[in-house]
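We've got the same protein chain twice here, in two forms, each standing alone as structure tokens: structure 1 and structure 2.
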Structure 1
Amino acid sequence: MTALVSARGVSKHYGDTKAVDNVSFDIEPGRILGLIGPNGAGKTTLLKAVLGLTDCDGDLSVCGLDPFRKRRELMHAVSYVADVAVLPRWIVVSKLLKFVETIHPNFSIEAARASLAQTKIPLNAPVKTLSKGMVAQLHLSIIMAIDAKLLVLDEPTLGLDILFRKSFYTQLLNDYFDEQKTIIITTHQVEEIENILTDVMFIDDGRIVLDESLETVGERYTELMAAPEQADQARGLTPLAERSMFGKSVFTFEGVSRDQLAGLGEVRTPGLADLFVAKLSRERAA
């Protein structure tokens, strides 16, 4: 299968700062990738390169195009959602839909209206009168009405309450995503999206420290909660990280089978947030 996004040796420097440092990866069609990293890790710069907003060294292909040199053509196949505050506050919803119809050839105003009919957003309302949650629904209704191969979501639910965040991702999965579309999501609310991801990528200091499918993560990484009398034996298996919880030691292992851990305590698959902390702690220590 041809990758929708393909990067080979991609780097971006700002003076002496390596925002993205020699990264290589492929993103296949029909996947939902979580791009996870701390502030300043290089997430935004990498997304800008994918969207053609900045040039870079190395080879980068998005939908078969050089994103920087062919950005106009690329925008027909890509949709992008950042903070919902980017929508113009002064415009009326119905006029906003007509405006998008004039600038994007793959936008269906009928589909957008049908999506909005499932919300409490009136077509004659100015955007400035809508709550932030309603603006997020409006933004998503517009995006879902665009026939795009790639959807990039950069902290799309920032500042929204938990009800709107759950509704946002449910609507995204039920009304937009299919096997022909690919979604890249960046967020600090890792626990809220890990159940919808097919793949995850951790980035730190411009370098990719993990790039796996969620299926592979479940096979490769294991978490053990061990009682104090079993902790030394667990440490002998060289864990990635160790933390304390309720008087017990919690270890994260890479490449250690569950059979090796049997009898040492409770064995489970680590959550992405805990795995992220474990991987970055090991990388930084190294």
Structure 2
Amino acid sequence: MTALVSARGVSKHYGDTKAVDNVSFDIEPGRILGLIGPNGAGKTTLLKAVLGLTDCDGDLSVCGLDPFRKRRELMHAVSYVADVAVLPRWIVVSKLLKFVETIHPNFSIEAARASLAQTKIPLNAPVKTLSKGMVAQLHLSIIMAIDAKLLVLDEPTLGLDILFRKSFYTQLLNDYFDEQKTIIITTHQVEEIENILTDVMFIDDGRIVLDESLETVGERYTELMAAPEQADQARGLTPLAERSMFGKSVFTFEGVSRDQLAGLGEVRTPGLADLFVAKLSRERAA
């Protein structure tokens, strides 16, 4: 199967700063990829390159197109929320829907209206009279009414309350996502998206630190919670990271079989947040 997004040696410099440093990856159709990294890691720059909002060095292809040179064509197949609440404040909701309907061949105004009907957003209201949460709802209703091959969500729920975030991700998974679609999400609230992802990519300092499907993450990485008396034995197996919790030591291992660890304590698959911290501290130490 051909990759929907294909990057080979992609870099982006701002002056002397390398925001994205020679990264290569493929994203297959039908995946939900979580792009995770600390602030300033290059996530947004990488996404901007994928969306054709900035030029870059190297080979980058999205839906078979050069994103920067063919941005208009690309936007037929790709939709994104670059930042919540960036809708123009002066526009009236119904005119906004009319605009997108005329300009976007893959937009279903019925779907958007149906989704808005479940909210308290009046169609005749100017955007500036809506609360921040409502603007985000409106934006997401529009974006999810676009039948796109690739949906990019850059911090889609930043600053929104937990009820909204939960229902948004549920809706995203149940109503929007199917095998034909691909979603890339970045967020700092890793725990909230962990269970909907199929793939995860860690990025730090412009470089990819980890790029795996969640299945292989489960196979390759193991977390061990060991009692103090077994801790030294665990340390002998060269864990990626160690932290302590409730007086016990928690280790993250890469490529160590579960059988080997089973005798030393409680074994499980690490959470993405913990794995991220473990991977990053190891990378930075190196």
Partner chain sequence: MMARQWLLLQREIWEHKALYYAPLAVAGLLVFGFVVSFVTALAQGMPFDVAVVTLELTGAPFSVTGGAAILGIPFLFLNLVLGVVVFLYGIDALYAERKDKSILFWRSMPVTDTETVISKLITAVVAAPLITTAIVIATQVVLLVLVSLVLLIGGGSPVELLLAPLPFIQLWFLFLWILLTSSIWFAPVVAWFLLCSAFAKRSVLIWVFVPWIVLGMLESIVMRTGQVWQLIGERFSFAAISGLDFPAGINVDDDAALEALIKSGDFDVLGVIAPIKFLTDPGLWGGLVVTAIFLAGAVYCRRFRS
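Predicted model only: the values in this text are computed from it and were never measured. Along the sequence of structure 1, residues get numbers from 1 upward. The term rigid core refers to the most C-alpha atoms you can superpose between the two forms while keeping them within 1.5 Å.
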Given the two isolated forms of this chain, which one is the form predicted on its own? 1
Superpose the two forms on their rigid core, then report whether the C-alpha of Val200 is displaced by 2 angstroms or more between structure 1 and structure 2. no
Once everything's superposed on the core, is Gln118 shifted 2 Å or more at the Cα between structure 1 and structure 2? yes
Quick one: once the rigid core is lined up, does Ser131 have its C-alpha move by 2 Å or more between structure 1 and structure 2? yes
